[in-house]
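Each of two forms of one protein chain follows alone as C-alpha cells, named structure 1 and structure 2.
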Structure 1
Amino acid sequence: MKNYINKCLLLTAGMLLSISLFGQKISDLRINELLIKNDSNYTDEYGRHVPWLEVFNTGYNSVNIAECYLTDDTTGLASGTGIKNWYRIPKGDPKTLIPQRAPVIFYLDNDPLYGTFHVNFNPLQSKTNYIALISSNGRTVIDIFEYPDTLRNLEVSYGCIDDGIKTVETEDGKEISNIDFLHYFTPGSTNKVTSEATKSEKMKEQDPYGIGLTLIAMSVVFLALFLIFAMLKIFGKWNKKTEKRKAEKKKEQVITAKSESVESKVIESATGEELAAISLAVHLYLNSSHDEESEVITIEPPVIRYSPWSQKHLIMKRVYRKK
C-alpha cells in the first residue's frame, strides 16, 4: 500500500513538473512588434505589403507555437467557444519551432490559405484594438497586445522597446509600460537596435587603465575567500568543542571503568612495548589463529579477462624455430 502511494505521488509530481515545464515554455512567448499600415514596408513571401506581427520567444529554450491561436477578438475565451473564429497555427511546419531568444513573423492579411504564417484576420478591419495569443487549450491567454487606434493610419511599428518586456520598473519603484512606437522597423530581428556601447567599451571609457576593475575584483575575490575562511574558522571551533566534550565524556567513562576493573590497573602500569605485545597477541588471536574452521569450501570459477584484440597468439604470425 505504501509503495502504491509512493508511486502515485511520484507520478503526480512528474505530471505536474511536465505540465509546469510545458507551461513555462509556451508562456515565454510575447507579441513583440506590430505594423498595421504597410504601404512601403516589409513584404511577405508573395511580395505583398500587408500588416505584420512579430512574436518573440523570450526563453532560452525552443518553443513550438503550433496549435496556439491568434485572434483580435477574445469573445468566448472562458468557455472555449471562441476557438471557431480564431486562427489556429497549423502544426507540422518546422518553422513554427521558434529558437531561443528569436522572433517569428505572422502576416495579418486575412488570407490563411497563403501559408502557416498568414492569419484569418486583418487589424485594418478589426473592431478591437488588440491582438491576443492564446494557448492550444483555447482558454489560457499567453499574451495580449494592445495598440492605439492611430496605428492604423501611421506607417510606424509599435512594440516592446526591450524584446518581450512589457513593463519596466522606474527608479522610484513604479511600473511603467515598455511598449511604444519604435524608432526602427525590425521585423524578424531584435527591437533593441541601438548604437549603445558594449560592456567592454563602457569599461574602456570608465576605467581606461583597469585600476578600478582590479580593485573591485580583488575585493570580491578576498571577500569570497574570506567568507570561506570565516565559515571554516567557526566550524572548526564548533568542531573542537564537540570533540572536547566527547573526549571528556570518554575520560569519565574510562575513570568509571577503572574503578570497576582491577585488570585495567595492570594495563595502565604497562609500558608501551608491553601494550604493543598484548595488542599483537590479541590481533593474532582474533584474526590469524583459528581453533575451529568454518568447513565451508568455496570454489571460485576462474575468470579470464581478455579480449581477442590483446591475445598475442591470435594476432601474431607464428614463427617456427628450426632445429
Structure 2
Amino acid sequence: MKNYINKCLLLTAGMLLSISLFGQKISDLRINELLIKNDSNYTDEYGRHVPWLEVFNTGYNSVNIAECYLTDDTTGLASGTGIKNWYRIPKGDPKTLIPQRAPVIFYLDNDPLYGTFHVNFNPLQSKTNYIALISSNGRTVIDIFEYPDTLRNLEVSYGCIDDGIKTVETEDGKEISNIDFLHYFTPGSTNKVTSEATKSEKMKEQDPYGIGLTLIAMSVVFLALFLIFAMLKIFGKWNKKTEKRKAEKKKEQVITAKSESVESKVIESATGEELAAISLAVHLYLNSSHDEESEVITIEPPVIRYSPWSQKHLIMKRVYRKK
C-alpha cells in the first residue's frame, strides 16, 4: 500500500513538473528595446533618468525571468567563471513573472540595491556594445542584443521594429535585421506604433471640395424617398384590393342571408302536402331519364278543311240494325 501511494505521489509530481515546464519557456524571452542616454526620458520608480532595457516575452505563456542573468560582459561564459560579475535577477518578486506577449523594464544604473529591476552595470561605462540575457544555469545564452556605439550620444531608443523579432525574411529569401533606431520611446508597450489618418482626414484628402460627399448624401436622400414612395404605393394597392375583397365577401354574405331567409320563410309557410309534392318533383327531375327535345314546334294544317264538330252525322251515335 505504501509503495502504491509513493508511486501516485511521484506520478503527480511528474505531471505537475511537465505542466510547469510546458507553461514556462525561458527561451521565449528577447531583449526588445534599449535607451542609454536618458536626460529627459523615462524615469524609474525613484524619479531618476537612467538607462533602461526592455525584455519582451514573445511566447503565449507566462515566463518567470527570476534567477536569469543580465550582463554586458560574457567573458568566462564557457568556463563559468564570469557568473560572479553578472547580475542575477532575484526570485521572490511577483513582477518577475512576465505575462504572455508582454514586456518588463530593467534599469541599467549600476545600483542593484534599489530593487529587483536595477542591474549592476551601466552601458555608459561599458567597454562592450552588447547586453546578454543568460539562463539560470549560467551557460545557455537566451539572447544577445548588440547596439551601435553612437547610441551612447543620442537620446534615441534602439530596438526591434516588430516586438521580439530580430530578423525578417525578404521576398527573395534573404534575412535582414529588424533592429533599428525607433521613432518613438515605448518602454513597457509595443514598439510598432502606427499613426493612421482618421476617416474624416482621408475623406478630406480624397474629396477636398466635398462634391463627392454631397452627391452621396443627396443620392441617399432621394433613394430613401423613392423607397418610401414605392412602399406606400404598393401598400395602397394592396389595401385597396383587400377592401374590395372584403366588400364582395360582405355582399355575398348579405345575399346568402337573404336567400336563406326567403327559403326559410317559404318552408315555414308551405304545408306538408306541398313540401311532399315539391320533394317528389325534384326527385323525379333529378333521377328520371329525359329525352333531349329539339325545341322545334311543327304545325301541320288539317287534312279535312272543315271542322268535324259541325257534322252532326259524325257525332251522333249510330244504331246498328240487324240484317
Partner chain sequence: MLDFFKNGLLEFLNYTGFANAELGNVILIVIGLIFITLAIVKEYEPMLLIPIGFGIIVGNIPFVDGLQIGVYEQGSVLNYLYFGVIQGVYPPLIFLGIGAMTDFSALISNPKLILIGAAAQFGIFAAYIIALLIGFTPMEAGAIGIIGGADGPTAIFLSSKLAPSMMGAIAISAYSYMALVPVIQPPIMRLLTTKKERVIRMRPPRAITQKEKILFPILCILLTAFLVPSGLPLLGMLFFGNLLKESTVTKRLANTAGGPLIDIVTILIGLTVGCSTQANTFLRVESVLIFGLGAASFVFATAAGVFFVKIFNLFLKPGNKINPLIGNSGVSAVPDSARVSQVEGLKYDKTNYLLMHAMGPNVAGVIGSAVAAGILLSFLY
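Just so we're on the same page, rigid core means the largest C-alpha set that superposes within 1.5 Å between forms. Numbering for residues begins at 1 and runs along the sequence of structure 1. Only a predicted model underlies this, so the values are computations on that prediction, with no experimental measurement involved.
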request  = Have a look at both and say which one is the form predicted on its own.
outcome  = 2
request  = Classify residue 208 as shifted (yes) or not shifted (no) between structure 1 and structure 2, where shifted means its C-alpha moves by 2 Å or more with the rigid core superposed.
outcome  = yes
query = If we fit on the core, is the Cα of residue 184 displaced 2 Å or more between structure 1 and structure 2?
reply = no
task = Classify residue 239 as shifted (yes) or not shifted (no) between structure 1 and structure 2, where shifted means its C-alpha moves by 2 Å or more with the rigid core superposed.
result = yes
request  = May I ask for the C-alpha shift of residue 230 between structure 1 and structure 2, in Å, based on superposition of the rigid core?
outcome  = 49.2
